[in-house]
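Consider the single chain below, provided in structure tokens and representing the form predicted on its own.
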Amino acid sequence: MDEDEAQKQRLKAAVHYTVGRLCQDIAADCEKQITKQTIAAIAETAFRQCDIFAKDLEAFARHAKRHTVTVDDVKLTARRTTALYNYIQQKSEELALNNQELKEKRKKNAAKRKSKDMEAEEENELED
């Protein structure tokens, strides 16, 4: 088995494990049982859908002549599923707001450092 195939099998196993844990949690909450075959089918579907998403993301970035996938590419990929698109849009807005707040804090801190440096310089000049 070559390196790529081994990596793919490890990813599939990780997805299967995660889906199994999620199904166990949901089944416990609903007091139901989920068969191993159902878990395997959900895991395989999720893995294939992720593969499709990854290929779409690569195609959108390539079409825009970029080497980096952007938030807009992710939104394009999710556009077919309204709930997913809305969720991604909400998270995107939250991230943008957080980034804006961080930039403002950095500017304030830089301004404070600059004013402290200037005060220290003035004190040094007065001492000389």
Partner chain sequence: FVAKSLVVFHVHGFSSTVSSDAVILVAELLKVFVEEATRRAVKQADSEDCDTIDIEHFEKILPQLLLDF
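Numbering follows the first chain given and starts at 1. Because the structure is a prediction, the values reported are computed rather than measured. Between two forms, the rigid core is the largest collection of C-alphas that superpose within 1.5 Å.
From this point on, the text means the form predicted in complex with its partner chain, which you will not see here.
- Using a 4.5 Å cutoff between non-hydrogen atoms, residue 11 counts as a contact of its partner chain in the predicted complex.
- Within this chain, residue 18 lines the site of its partner chain in the predicted complex, having a heavy atom no more than 4.5 Å away.
- By the criterion of a heavy atom within 4.5 Å, residue 86 is excluded from the residues contacting its partner chain in the predicted complex.
- With a 4.5 Å cutoff on heavy atoms, residue 103 does not count as touching its partner chain in the predicted complex; it lies far away.
- For the stretch 28 to 53, the set of residues having any non-hydrogen atom within 4.5 angstroms of its partner chain in the predicted complex comprises 29, 30, 32, 33, 34, 35, 37, 38, 41, 42, 45, 46, 47, 49, 50, 51, 53, in sequence order.
- Once both forms are overlaid on the rigid core, the distance between the two CA positions of residue 106 between this form and the one not shown is 2 angstroms or more.
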